[in-house]
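Taken one at a time, structure 1 and structure 2 that follow are two forms of one protein chain, written as structure tokens.
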Structure 1
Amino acid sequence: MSDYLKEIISGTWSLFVGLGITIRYFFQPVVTVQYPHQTLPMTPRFRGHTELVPDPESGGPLCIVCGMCEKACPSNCITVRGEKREGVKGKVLTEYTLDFTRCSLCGLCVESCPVTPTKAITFSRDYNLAGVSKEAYIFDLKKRLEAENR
């Protein structure tokens, strides 16, 4: 009997302790960020979708069209095409398409790129992605780079 009463008292007390904690936190500053009115800075390591890195001098892509990233990708979401041009050593990039609908942001493509010292592809900081069609996520990275240059 006395155990029973003790349990009722300590049990009720435990509820008040819990309420006390929630009340204390109620008067503490809000921890949530009011997105989209507030945004957080993205960490430098953030892995967005990939993008082409421009050559600091010419502004054109650094990519040498070796196709390593295409091969490394587990989801086959990269298409790289290039062509021989007269007077230019190696191939010239004509198309770099990223099918972001299938990309898992694993980073294997960036890792496999043999271009030194800066890799020819990198992760963008783009996280505000929204669209209404699937096609909106098939990125033409070459166009994207050209648009940035303009």
Structure 2
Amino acid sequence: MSDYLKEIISGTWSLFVGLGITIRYFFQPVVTVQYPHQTLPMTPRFRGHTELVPDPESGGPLCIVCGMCEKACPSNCITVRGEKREGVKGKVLTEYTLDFTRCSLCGLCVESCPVTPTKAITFSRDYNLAGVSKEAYIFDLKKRLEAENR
């Protein structure tokens, strides 16, 4: 009988301890961000998907179509295509596709880019990506860069 009363007293005590914690947090200020209406500031070191860096003079991509980012990617999510055009030194970028569904955000593509002094690809600041299909996450980064320059 005494064990039964000890269990009742112990259970009642733990109930009041839990209620005390709940009441204490109930009256503290809210720390939750009301998401669609409020957003948190981005940290300076945030790494989103990769994006092409525009050439300051022409506005086109700095990419020289060497394919190092494509070779360095362990997920095989980058496709780079270029063609040799007359009157232009080197290749011209025609397609730069990123399959973000396969990207692990490791950063090897950005590190392997040989274009100096500025890299030809960098991490974007996009963090609010939402879509209902896989095709929404396959980015044509060359077209995105051209749309940003318009």
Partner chain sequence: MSALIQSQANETFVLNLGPQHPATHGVLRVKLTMDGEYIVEAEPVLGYIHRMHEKMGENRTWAQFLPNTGRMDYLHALAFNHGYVALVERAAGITVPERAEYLRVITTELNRVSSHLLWFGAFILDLGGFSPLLYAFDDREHILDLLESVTGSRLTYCYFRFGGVYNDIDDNFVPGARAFIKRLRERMPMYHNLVTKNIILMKRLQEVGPISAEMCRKYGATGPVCRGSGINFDVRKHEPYSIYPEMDFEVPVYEQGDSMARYMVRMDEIEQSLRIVEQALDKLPEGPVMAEKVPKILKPPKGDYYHAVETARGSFGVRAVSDGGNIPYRLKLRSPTFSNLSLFGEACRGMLLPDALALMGSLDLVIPEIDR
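Throughout, residue numbering runs from 1 along the sequence of structure 1. Remember, predicted model here, so these are calculated numbers, not experimental data. By rigid core we mean the largest C-alpha set that fits within 1.5 Å across both forms.
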**Item:** Between structure 1 and structure 2, the form predicted in complex with its partner chain
**Value:** 1
**Item:** Rigid-body rotation of the smaller part between the two structures, in degrees
**Value:** 19
**Prompt:** In Å, how large is the C-alpha displacement of F27 between the two structures after the rigid core is aligned?
**Reply:** 3.1
